Ligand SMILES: NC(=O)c1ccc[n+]([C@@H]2O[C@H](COP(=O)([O-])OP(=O)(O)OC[C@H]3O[C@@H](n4cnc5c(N)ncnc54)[C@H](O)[C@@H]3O)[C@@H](O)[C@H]2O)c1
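Quick setup: one chain, the form predicted on its own, written in structure tokens, and binding and motion questions come after.
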Amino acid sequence: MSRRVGLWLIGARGGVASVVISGLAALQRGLTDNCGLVSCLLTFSGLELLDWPDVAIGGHEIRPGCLVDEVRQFQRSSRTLSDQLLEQIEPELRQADAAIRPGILFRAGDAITRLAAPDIAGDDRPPVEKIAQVVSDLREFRESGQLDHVVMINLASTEPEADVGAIPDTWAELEPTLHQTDCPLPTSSLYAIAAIQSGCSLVNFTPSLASDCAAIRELAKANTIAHAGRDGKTGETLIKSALAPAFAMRNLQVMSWVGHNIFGNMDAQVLDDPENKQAKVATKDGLLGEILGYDPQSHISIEYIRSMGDWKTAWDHIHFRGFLGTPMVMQFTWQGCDSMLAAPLVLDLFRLTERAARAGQSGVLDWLACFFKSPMDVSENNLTHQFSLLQQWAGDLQR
């Protein structure tokens, strides 16, 4: 049976979203292979995952502009994507751009608000009205495209850390605050509520709060919505979650682990603000203690270096102690095109979440933990163990 599903991106003209849309168009036209796509591994071949031609694209964006221009700017700054490929997929880019709607902002912090179009930055409506706008956009997208389902994926810039203690624990208590301009929820959570109320599955690829609080989890459960997050694991943290278990298995004591990150895309520009940076550092720094069983001294820095563009470079220095107390050092350097690392994971998460929803699964999809730095409902940070959760889910579904 033919099935058509929508992928709705928050931050739809950003670097990651631009590559997601470009990559999807290339896959749909057979212009690229499946390198980087976890969902294309042989172990998932029996899942009957959605085919690329059956995906429709839409989204929200707070910045003015044109998707084609954003993709070409990304091409110039990152030195990726060929002119030939862009010429071939330009019709798909323009079609996707026509489905992008003006986004919303609420408690997003100064760094993000400065990026927004004036009418969006100055919109002082209460959250309930902004949620209604998103719900209306999602409904139009689903109906006009005759879509069977929609998966919303948040790719927006990192918000300042939310004051979770100020958010009521139940939906009955939280819902009235949506009518107030002092509602404690950030933008990502308004999008999450709109997705849930629209019957859309939800994936939070950012460190922002989104659905990860008790009241919104309750709403998702009541509406049998599948959701997952937080913060896509693409580079340095991916290596850390694979490497740290080796020290634990060999009983080598990590005394300190220092990581320095430099990059120059829009995400880095936002993270140059201390409030936004703190939220990101918290998700990158939380896994060592769980994997090692103790907390070594650690430090993570994230610096905006404009000339780097989308090419993120991370340098890690690991000081560890071996037999007879001998101190030793391991260092590694990781450099990758940030959006090129993230985009295939977004497409993976879209296909896997859609498959779970099609199977009637709802609530937190904890078996997607291997894709995230701070996976919801999973304290296990060993990458191999996390990946086994995904394999087990796939095996159970194929039985």
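In this text, residue numbers run from 1 along the sequence as written. Note that the structure is predicted; figures quoted are calculated from it, not measured.
The discussion below concerns the form predicted in complex with this ligand, not included here.
Novice: Determine whether any heavy atom of Asp267 comes within 4.5 Å of a heavy atom of this ligand in the model of the complex, and answer yes or no.
Specialist: Yes, Asp267 sits close enough to this ligand in the model of the complex that at least one of its heavy atoms falls within 4.5 Å.
Novice: With heavy atoms only and a cut-off of 4.5 Å, decide whether Ala248 touches this ligand in the model of the complex.
Specialist: So Ala248 does not count as contacting this ligand.
Novice: Does at least one non-hydrogen atom of Ser339 fall within 4.5 angstroms of this ligand in the model of the complex?
Specialist: Yes, Ser339 sits close enough to this ligand in the model of the complex that at least one of its heavy atoms falls within 4.5 Å.
Novice: Mark Pro207 yes when one of its heavy atoms lies within 4.5 Å of a heavy atom of this ligand in the model of the complex, and no otherwise.
Specialist: Flag for Pro207 set to yes.
Novice: Can you tell me which of 362-370, 48-56, 28-36, 339-347 lies within 4.5 Å of this ligand in the model of the complex, counting heavy atoms only?
Specialist: Selected stretch: 339-347.
Novice: Just to be sure I understand the contacts: of Cys200, Ile131, Leu287, Leu155, which is the one whose heavy atoms reach within 4.5 angstroms of this ligand in the model of the complex?
Specialist: Exactly one listed residue reaches within 4.5 Å, namely Leu155.
Novice: Would you mind picking the one in Leu138, Ala96, Leu174, Ile112 that has a heavy atom within 4.5 Å of this ligand in the model of the complex?
Specialist: In short, Ile112.
Novice: So which bits of 211-235 sit within 4.5 Å of this ligand in the model of the complex, heavy atoms only?
Specialist: Heavy-atom contacts within 4.5 Å come from Asp231, Gly232, Thr234.
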